Structures are given as C-alpha cells and as structure tokens.
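Let's start with one chain on its own, the form predicted alone, as structure tokens.
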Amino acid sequence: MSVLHLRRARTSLVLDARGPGLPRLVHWGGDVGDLDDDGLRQLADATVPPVVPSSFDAPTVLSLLPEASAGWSGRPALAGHRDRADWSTAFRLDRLDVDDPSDVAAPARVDVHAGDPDAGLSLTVELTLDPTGLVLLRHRLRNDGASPYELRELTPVLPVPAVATELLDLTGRWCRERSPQRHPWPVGTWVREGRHGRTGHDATLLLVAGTAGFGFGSGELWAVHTAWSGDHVTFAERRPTGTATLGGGELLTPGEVVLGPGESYATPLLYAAWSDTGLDGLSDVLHTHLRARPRHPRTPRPVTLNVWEAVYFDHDLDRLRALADQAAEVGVERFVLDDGWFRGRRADTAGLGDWYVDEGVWPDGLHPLIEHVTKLGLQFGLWVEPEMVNPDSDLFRDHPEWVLATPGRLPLSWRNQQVLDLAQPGAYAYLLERLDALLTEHPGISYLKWDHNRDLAEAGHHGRPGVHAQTEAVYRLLDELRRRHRSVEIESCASGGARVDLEILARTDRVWASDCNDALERLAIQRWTGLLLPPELVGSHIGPERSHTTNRVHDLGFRAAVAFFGHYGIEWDIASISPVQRAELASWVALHKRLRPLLHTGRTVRVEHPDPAVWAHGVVAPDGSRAVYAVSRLTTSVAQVPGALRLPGLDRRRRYTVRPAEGVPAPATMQRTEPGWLPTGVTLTGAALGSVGLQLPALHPEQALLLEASAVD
C-alpha cells in the first residue's frame, strides 16, 4: 500500500493507505503540487500528531471511518450491534481499487475494501474526486456474520484544517426557506438533524466551514451536503485534540435498518466542496458538477405559467382556455394545471389518492384543455401529489392499511392528509399504474409538478420505522416513471422548498424554492438556494401584485426582476390585469428569453455591498464576454445615496459597456438627476468595474435595476 494523491481542478486529496488499518485522509483542499512517492510519504508523516500527556500511547489519527479502537472519542461514524455484541470495530485494510486516469476531465476514484472478521463486518469506502474538484464519499457496510446486525448510524466524515474557524449553514420554515446563520466554530459539535421524513424547510443544504471573515468572493472554505430526501444529519465537530471534521448521513430510527446475513447498507452520498475564492467559489464547483450531469436539462427552460394563484380549485374549461390564450400572448411556453383536477378535489380536504380525472368538473376529460394549450404552441403540465392520501378518498376507504402509521392509530393530520406507505407493494403498484396510465392516456402532458405537502410523523411500516424504506420507494417510483416516459420533466415541490437535495434532483428537473412569491422574501430565498443549485434548476415566478402569503404589495418591475435569474415563470391571474400590465409583462418575458442562454450557463456571483439595504447579484458568461446583474434596494439607507456598486466576475483586462437592460421600464427612483453614466451606459475595463464600480441611482425601496455588461474588445 502507499500514499495516494488525487488531483482535479486545483483540488488535492492525499490518502495515506499504508495500513494496516483504514486509510487516513491526510489532506483535502488546495492543490499540493507535484509530489513524488517520497514527498507524499513525508507529507503524510509530517501531519501525524504527537503523543501528548494524558492520552493514548500512540498517535491517534483520523481514518476514513473513525473508530474507537483507533482512539477516536468523537461522534461515532459507525454505531450498531449484533444482540449487544460486535458494537466496536477494528477494520483492517484488504485492498484498494484505484482508477486515476491521466485525463483530468475524467473523475479519479479510490474504492477502499476493509474487513473486521471478529465483528463479522465488511466495509467499502467509495471516494471520488470529480473533474470539478467536488468530492463524493459513500460507505457500504455488509453483514458477514451468521445473525442480524442492527445498524444505528453509518456516517461519512472528512477532516477540515484548523484555519476553518467559522461555520455557516441555513435554516428556515414554510415561506421563509434558506435563512443563513453564522457563528464561530468552538470546541464541540454543531449538529443539524432533519426528522421530517423529507429534506425539510429547515434543511441546511450546505454546511460551510471557513476562515475568519469569509464572504461571497473571499476566504478558504470547506462544505458538505447530505444528498438524501428522508431523515438526515449534517454536522461539524471540533475535538479538544484539535481534530475538526464535517460529516453527514442518514438519520436512522432504532430498528429501522437491520442487516440480515449477507445484506448490505449504503450511505447517502456526501458531497464535499473546497474553495479558496469564497462562497461563490463553492457554487462554481457545485454548479459546474450539476451542469455536467447527463440528465441535466439541455433545452432552454420554458417560461411557465402555473394557474394555482389564478384559479385555485375553481376549474372552468373556458376560463382556463382564455388564460392559456393570454399566457401565449405574453410569451409563456408552459401552462401548468395545478391542484383540483381529480375526483372529489374541490378543496384540500378530500380526493388525494383518487388519481382519476374528475368527470363532474371535466366531463370530456383533460383532453380539450391539453389540445387547446398544445395548439397554442405551449407545453402542458399537471400537478400531482402521489405520496399522499386524504382520509376522505376512495383509496383510503378501500385501503386504510396503505398508510404509514403505527399500529392502532393514525399520525396527526396535516393539511387533512396522511402518507401512503410506498414500501407496501400494493400501494406502490397502484401509484405507478395510475401515473403511468395518466401520462399514457394524455401524451400532451410533458411536465409534472410533484408535490409533497406534509412531514412524515410516526411513519411506521408493518410496525417498524418506515422513513428509510419510504424514501427508497419514492426514488424507485420516480426512476420507473422516468424510464417509461423519458420526455416528461418533473419538478420537486414540497410545500414549496421542503425537498431540495441532490438525490431528489438526480430524478427531477427543477425545484420549487418556496410557496412564497413575495419578491422581497424571494431575494434571500433564491440567493441562498443558489449556493447549491444553478439558476436553471430553481423555479422563480412572478407572483400577483399583492402576495397571498405576506399581503405585501410590489410593482411588476420589482417582482419580474427578482424572479428573472431562475427558471422563469408566472403565478398570477393575468386575465385580471390591464393591457398596460400585460404589455410590460410581455417585455420582461422577452428580455428573459433573450438573456436566458447567459443566465442558465454562466457563473453566479453575489455582490457584498457595504450598505445592507443594497443587494446585488449577477451571472457572468463562461468566456467572460457578457454579464447581467441585478441590484435591488430593500429598504431606505442611512446614507442618502448608496456607495458605488462593484461588478465582480469580469475579465479585468477587457473593456465592457455597461447599461440598463433594454426593453423593460426603468425602476422608480427618488433623485433629481441620474448618475453620470445613466441612461446611455459607460465603457470601462473589468478591473475598473470590479475595483471602483458604478454609482447607483437612488432607487426607491423595493425596486430593482437590471444591468447588462458586454465586452467590446
């Protein structure tokens, strides 16, 4: 065995696999340069800690699976037992399978195979360094014993150097997802657990550790994402020994995973990213990785009209056809019929589970509406919530045993609904048949808005905990449905943004970031969702003038500018608006279509303006030739005029013409004269724009300005 060095995209992984125990990750971070075998051995030796008083008599080092037998006294990476035995392990390295092509456009991978015959367990560690510099880590545990082994925890962890002294993660709630929280990283453990049976509104997305004062464009950072759509944990731990780790995995309920002889368990993938250019650098790594996936959307993201906030449950064919006509006039490309189309669904109290078109509301089925929409040149989409059931439904009356529950009682009701146990073959087969039949009968359906409107509580399967099996069954259902209907796109919606993770996104084409369409709230929600996801995967719609979740009023320009950078859409009764508003809406849609190729392929940058009332962000083309920025005024400022806005991400050597985006109305301001560069624009070097910037106009609170930058040489 030897010391291995994997290198991709300025990132190095150095693995000490000299045995006899599990390998140790010597370094994860910036490229350490060209080191020969002797240099790698010296690097590994140079990072072994000393033996200090009142400690073990040999150095304690952190392996890929920290074990008490090697002196680890922190959070267990593996916890389990076999009838109260085999609760501690001492794995020994059997072999390494190394695949490290010279082509740096291909991933480098090491599979570590180890065993503990005394405990009757085998372990495989799968460690991949992606061409983008992203690390993917997974553990697989096999029960080699003759009796069952109850697994309580198996969690991948990665070491982080001592220079990381601050933590940033996200929390949230319904209609206020992705709220950042930041604090020093002291000795101890910062644990984020999600026990919702779905990813959760409060899911952290990324847990970031960084150097003091890191920001969007500065600082060295290490971050992890737990890719799992059920109960999960993500944590940061600093030990008194000086060791610091980030980790994450599935959160198992006692008795949930019991491995029979020969059976295995695989952890969710832990995604890990390093950056020395701040939070935007982390996003670069993650966005580039996601865009390289074979299933990543390649076609322009269609501008979408969802009818929920226009009609709610009041479905009328003539009204919906008229709404589709108006949608086509303003440039919409996808029309989505939301909740209320299936049997008994006149409110949210009944019907879930009865996935048949309601003959009373739709006597001729959905065909007339689908035909009308598709003849207009629009795609047709449909809302579904397959994992749920209303007690007031034929399905529940026929099969009450298909509900996730503990024996003898139902879980607390949530939005008048319960959860179908998809690990039960009958329930799974019913849903697959219904959804397959729906899409087969209506080939015009090219999009499903797949909702999930409650947490899982007391989620029992045949008397045992059922979240793990439920999550895997949902994945199987999505995979099989996609196999049968390859052209159908699916959105992950869960009371808004409660199921946003990279494992659900391996099976879906976008997420709904939040049920809140209030533009002021959406600024923060979308900024922090974008830490993990590129804009084209985040549904961002123009809501009505008065938000139905906050009652706040915004003009169309602000709403349209905030939604602009994502997968653009409209959630508004555009039949009720004036011709002037409709014309302005059409101009915003046309501008988005013109800039969409840039918005959905470029590098995301965020601006840290010294005035907290000013927020700005942008997207820069991969070749640096173009960029578009949005600057928003959230509230009034202490200063009469905010300071100059620096435009990050541009090529410092090139010259750019910067001007307000053409074709849409200018935002309202409170000034007698405009800054000197407005309205015709200015031509400056990227260095000047990034270091000096442009004086902003005095925007009114809750107004936004879009700027385009184009290279002239």
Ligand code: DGJ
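Just count from 1 along the sequence shown to find any residue number. As the structure is a prediction and not an experimental result, all values here were calculated from the model.
There is another form of this protein, the form predicted in complex with the ligand, and it is not shown here; the text below is about that form.
Heavy atoms within 4.5 Å of the ligand in the model of the complex belong, among the stretches 137 to 145, 94 to 102, 495 to 503, 325 to 333, to residues of 495 to 503. Note on the partner interface in the model of the complex: the residue among Trp512, Phe558, Phe214, Trp274 having a heavy atom within 4.5 angstroms of the ligand is Trp512. Contact annotation: of the candidates Trp383, Trp615, Trp190, Trp355, the single residue with a non-hydrogen atom within 4.5 angstroms of the ligand in the model of the complex is Trp383.
Contact check for Asp455: no non-hydrogen atom falls within 4.5 Å of the ligand in the model of the complex.
When the ligand is considered in the model of the complex, Arg346 lies well away from it, no heavy atom lying within 4.5 Å. Interface membership of Tyr430, defined by any non-hydrogen atom within 4.5 Å of the ligand in the model of the complex, is ruled out. Contact annotation for Asp421: none of its heavy atoms lies within 4.5 Å of the ligand in the model of the complex. Contacts between 439 to 474 and the ligand, taken as any heavy atom within 4.5 Å in the model of the complex, involve Lys449, Asp451, Asn453.
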